[in-house]
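So this first bit is one chain, no partners, the form predicted on its own, shown in structure tokens.
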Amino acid sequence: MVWLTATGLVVGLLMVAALVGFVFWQGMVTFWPRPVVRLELRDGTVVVGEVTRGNRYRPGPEVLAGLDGAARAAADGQLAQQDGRLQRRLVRTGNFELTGEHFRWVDDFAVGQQGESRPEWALVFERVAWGRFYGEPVAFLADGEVVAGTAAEAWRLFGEHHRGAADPHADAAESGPDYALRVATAGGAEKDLPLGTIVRAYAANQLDWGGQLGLYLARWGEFLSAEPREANSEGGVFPAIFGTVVMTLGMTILVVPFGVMSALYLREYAKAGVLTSLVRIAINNLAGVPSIVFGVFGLGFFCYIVGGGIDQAFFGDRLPTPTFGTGGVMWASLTLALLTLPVVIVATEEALAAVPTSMREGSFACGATKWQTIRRVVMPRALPGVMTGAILAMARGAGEVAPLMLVGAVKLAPDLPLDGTWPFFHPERSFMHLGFHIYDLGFQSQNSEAAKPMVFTTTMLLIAIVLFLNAAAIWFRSRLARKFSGSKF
């Protein structure tokens, strides 16, 4: 039995470590720059972009039907060497407004003998809209006139005049000419890219290790401090980070007092009986109710009834446009407080029951009242257990998504619930949440391949935030435990 239980523990730890390790590995490598490759296919097509991943697959008859000559020989050779499978790579080609696609699968057998290279002047453009663009610089323009006609000179002038990296929504300059960089694509087309629409650009195949590290850190800085763009698949997640932290703290502040008071009454004041047993059974059953049910309740009660009543009483001049009668951070916090209330009640009851009865009796013998005994003897020694309940509630509430979709979380909320305008905290505003952001990236994005790395990165960030909040609560709990562990009545 010892070996069996130890094996179960090891398997559980390995599963958790594998999951967290996989998420963190995928998330950490998302922003590392990749080289740009140029692939000349046997049919004369040229593909330029970043190779994101590769795999092997078993081709159907339609794949091999149209092959002949060198391509068929190369495919047959791969099939013989790789157990009937072909190797292919997924290339991020960008240039969506010209090609209508962001990614393209390229079979290795379709690439010619000398068809793969890394052009020196292959540039990667991260833009405010339309996603990435790949091409080589041709000229630099000022008010539509060419002022530099070589790649090196055009790139130098671009570095001097570009200001979009600091503010992607700002103009290329406060005053003066309108600058643009003319770029040639793999298909031979040329396009003028205004500098104000470019977030950043870099020559991928000219970066040394230091340049790659600098670009990697710049992308992380943008991710943590900027707003999202391109349907949330690019840019930053600062509004989602802020909304997640504010909602989680608000939920914790609301649920802990009510949970502690409920547990105190059930443990210290309520008499044993049928009614008390039914209440405890109801609390335990409430912990098993699906979270979406709490979301429906929060929408109907908090948003429509309570919020609608507030609008009728104080914001009648704004109706029929609701102020509090719609989703907001306050209603989301209250809904998740109800969701996590059973966790706090059960943990607090167990902590109160763990306080020795002799300590209560000693307090009564010294003449203390019931409330004085609870406040000065029982609660200080139960605080570590109460903090454990708060930690569990915080961890569960921070990762919930389904209720938030009904009571306040939205795809994009440019106005934060906490800002510098009076009254500073705006509980009626909708907010962004990292959990909902992950759902939106994974299932609602039109560019799923580009959004996939962001899913892992955002997931890693959500785990890190939950771990940070839990670590802070655990540190506080440890201080309380040390404070009271050595004290005597």
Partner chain sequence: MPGMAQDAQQRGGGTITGRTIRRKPSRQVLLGDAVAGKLIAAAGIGGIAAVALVGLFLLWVALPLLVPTGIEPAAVPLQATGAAAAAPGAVILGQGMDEYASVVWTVFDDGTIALRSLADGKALPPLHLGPDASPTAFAAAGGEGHVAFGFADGSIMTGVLEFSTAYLASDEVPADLQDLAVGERRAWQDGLVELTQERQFRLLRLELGLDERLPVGDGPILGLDLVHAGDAATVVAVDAAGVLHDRTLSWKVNMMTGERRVRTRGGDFDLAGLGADADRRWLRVLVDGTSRRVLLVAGDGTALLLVRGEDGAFSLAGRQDLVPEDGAELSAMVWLGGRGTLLVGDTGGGLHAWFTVQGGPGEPPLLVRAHALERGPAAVTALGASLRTRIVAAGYRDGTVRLYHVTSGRLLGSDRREGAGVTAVTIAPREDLILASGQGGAAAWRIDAPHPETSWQTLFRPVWYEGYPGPAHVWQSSSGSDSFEPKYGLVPLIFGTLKATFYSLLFGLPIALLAAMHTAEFLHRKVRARVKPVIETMASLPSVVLGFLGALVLAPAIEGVVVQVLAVAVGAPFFVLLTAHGWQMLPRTGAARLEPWRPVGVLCGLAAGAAAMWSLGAPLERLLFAGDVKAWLDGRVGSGIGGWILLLLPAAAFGVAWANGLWGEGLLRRRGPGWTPLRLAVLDLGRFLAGTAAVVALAVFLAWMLDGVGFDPRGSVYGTYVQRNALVVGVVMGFAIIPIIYSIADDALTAVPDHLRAASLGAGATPWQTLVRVVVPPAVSGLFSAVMIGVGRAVGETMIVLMAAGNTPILDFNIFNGFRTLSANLAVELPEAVQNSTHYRTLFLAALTLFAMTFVLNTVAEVVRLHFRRKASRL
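Numbering follows the first chain given and starts at 1. Rigid core: the largest C-alpha set superposing within 1.5 Å between the two forms. Just so it is clear, the model here is predicted, and its values are computed rather than measured.
Below: the form predicted together with its partner chain, not depicted.
- Although the partner is absent here, residue 285 sits close enough that one of its heavy atoms falls within 4.5 Å of its partner chain in the model of the complex.
- Within this chain, residue 273 is remote from the site of its partner chain in the model of the complex, having no heavy atom within 4.5 Å.
- Under a 4.5 angstroms non-hydrogen atom cutoff, its partner chain in the model of the complex has residue 402 among its neighbouring residues.
- Interface residue remark: residue 294 is counted as part of the site for its partner chain in the model of the complex, having a heavy atom within 4.5 Å.
- Only one listed stretch (63-71, 423-431, 448-456, 32-40) carries heavy atoms within 4.5 Å of its partner chain in the model of the complex, and that stretch is 448-456.
- Residue 304 is the only one of 242, 315, 304, 220 with a heavy atom lying within 4.5 Å of its partner chain in the model of the complex.
- Residue 262 is the only one of 197, 363, 262, 388 with a heavy atom lying within 4.5 Å of its partner chain in the model of the complex.
- Contact check at 4.5 Å (heavy atoms) against its partner chain in the model of the complex: none of 133, 162 and 416 pass.
- Residues 462, 463, 466, 467, 470, 474 of 461-480 are found to place at least one heavy atom within 4.5 Å of its partner chain in the model of the complex.
- For residue 268, a C-alpha deviation of 2 angstroms or more is recorded between this form and the one not shown after rigid-core alignment.
- Core-aligned CA deviation for residue 373 between this form and the one not shown: 2 Å or greater.
- Residue 200: CA moves less than 2 Å between this form and the one not shown after rigid-core fitting.
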